[in-house]
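Take a look at this one chain, the form predicted on its own, written out in structure tokens.
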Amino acid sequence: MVKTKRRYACQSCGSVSHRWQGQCPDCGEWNTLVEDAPATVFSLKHDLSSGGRAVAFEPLDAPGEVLERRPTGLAEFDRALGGGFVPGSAILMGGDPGIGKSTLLLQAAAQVARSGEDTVYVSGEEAAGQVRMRAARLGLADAPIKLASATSVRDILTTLGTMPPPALLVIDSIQTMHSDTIEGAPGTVSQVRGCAFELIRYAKESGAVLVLVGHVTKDGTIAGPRVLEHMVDVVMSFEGERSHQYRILRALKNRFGAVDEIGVFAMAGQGLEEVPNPSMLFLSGRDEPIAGSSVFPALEGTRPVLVEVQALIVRLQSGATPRRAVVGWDSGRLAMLLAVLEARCGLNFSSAEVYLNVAGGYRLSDPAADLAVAAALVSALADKPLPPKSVWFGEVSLAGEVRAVAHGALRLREAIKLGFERGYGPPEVNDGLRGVDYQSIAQLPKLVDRIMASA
């Protein structure tokens, strides 16, 4: 009997190695090599240029059925998807354990089922009784969802073949699925890839919307082979801190809509509630301004969200090394901004501890947050509050220049809608909007002079 050789596949790039290593030799990622079942290698005499069936080609303007999006019944979910489910699409949703993925999909499945569409929910992690218990707690026990607890892909596809294709098929989760045609335990690279391929093929042939729930690694990326993200049409991430009530549904990949769109939910006793105005979640709502606090109009896709940036400066009396603590922003960008403030504005942060926090557990990746962070740092250093009801945005260069950012007018409109009266940013922004006093800042030293001179 021929001894089967072991092989290890990288979950990031898909390269194959015949021995385990801590680092992938191709992409350089660490701890991504996972044992995989060897693939069947056909002999070279098998020529694939003959023996198959001819493929029919069609022109781009060929008449066909127009695909209409199916709304989920949750406006925030539809926003993140780009307008709703597309028939025949495959959606991969990832998120930390306990963040609320199953709760959100159960609520969406209940809304689709109540609208008269057939909905199938297959749970591989929980028993049917456990899912019913959660549905009763959420007030969804009367929803006509076809519920099953199974892990065999053959059993699932056989059952689906005996009934009309459902409008929505939820698999929770893909890491628990198992195919008897592939060697390996559930959750391995080959099993996840093979099971996902069979389920996606069923969705494409039947027109059903397939939603796969995926686990995430300790780094926050979706577990399993990276090719899984290329196989699906939409990749969504359900984010948030368990200590905070809000949750953000973010589209990382969308073949049918814009990426970086978000839907905001709040965890409540009756499940996830939609938040139509997420800016109110990330603002403190106080009447009197305090030093070290600024408001930044962030942009998530096409939605502006106002968030509060808080800074604290603590002077050290001894010669201890000062700390730099950042929550919700890039620590490397903070170090760069502190260097610009010291080199271009003459401020001294070397003998002080700097703490920066984005309120509400929100995480900023927009480069336009530079000016808001700089304003909060200077305000905390001078112990002077910023002008009340003001927003700050703009990208800061290493030369101390405030550069233009995208959609400045859209950011100001959101600020006006929430009652803000002043705006500070780059000169290129159209300042013809009514209801806001916009003042341009071309150089970072002018920002410092304005804050230092304020009462």
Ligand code: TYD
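So that there is no doubt, residue numbering starts at 1 and follows the sequence shown. This is a predicted model, so every value here is computed, not measured.
Omitted from view is the form predicted together with thymidine-5'-diphosphate (TYD), to which the following refers.
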>> Give me the residue from 356, 203, 99, 74 that has a heavy atom within 4.5 Å of thymidine-5'-diphosphate (TYD) in the predicted bound form.
In response: 99
> Taking thymidine-5'-diphosphate (TYD) in the predicted bound form as the reference, which of 179, 279, 103, 190 has a non-hydrogen atom within 4.5 Å?
Replying inline: 103
>> At 4.5 Å between heavy atoms, is residue 157 in contact with thymidine-5'-diphosphate (TYD) in the predicted bound form?
In response: no
> At the 4.5 Å heavy atom threshold, is residue 268 in contact with thymidine-5'-diphosphate (TYD) in the predicted bound form?
Replying inline: yes
> Does residue 138 reach thymidine-5'-diphosphate (TYD) in the predicted bound form if we count a contact as any heavy atom within 4.5 Å?
Replying inline: yes
> If you check in the predicted bound form, is residue 146 within 4.5 Å of thymidine-5'-diphosphate (TYD), heavy atoms only?
Replying inline: no
> Heavy atoms within 4.5 Å of thymidine-5'-diphosphate (TYD) in the predicted bound form: which of the stretches 356 to 364, 337 to 345, 289 to 297, 269 to 277 has them?
Replying inline: 269 to 277
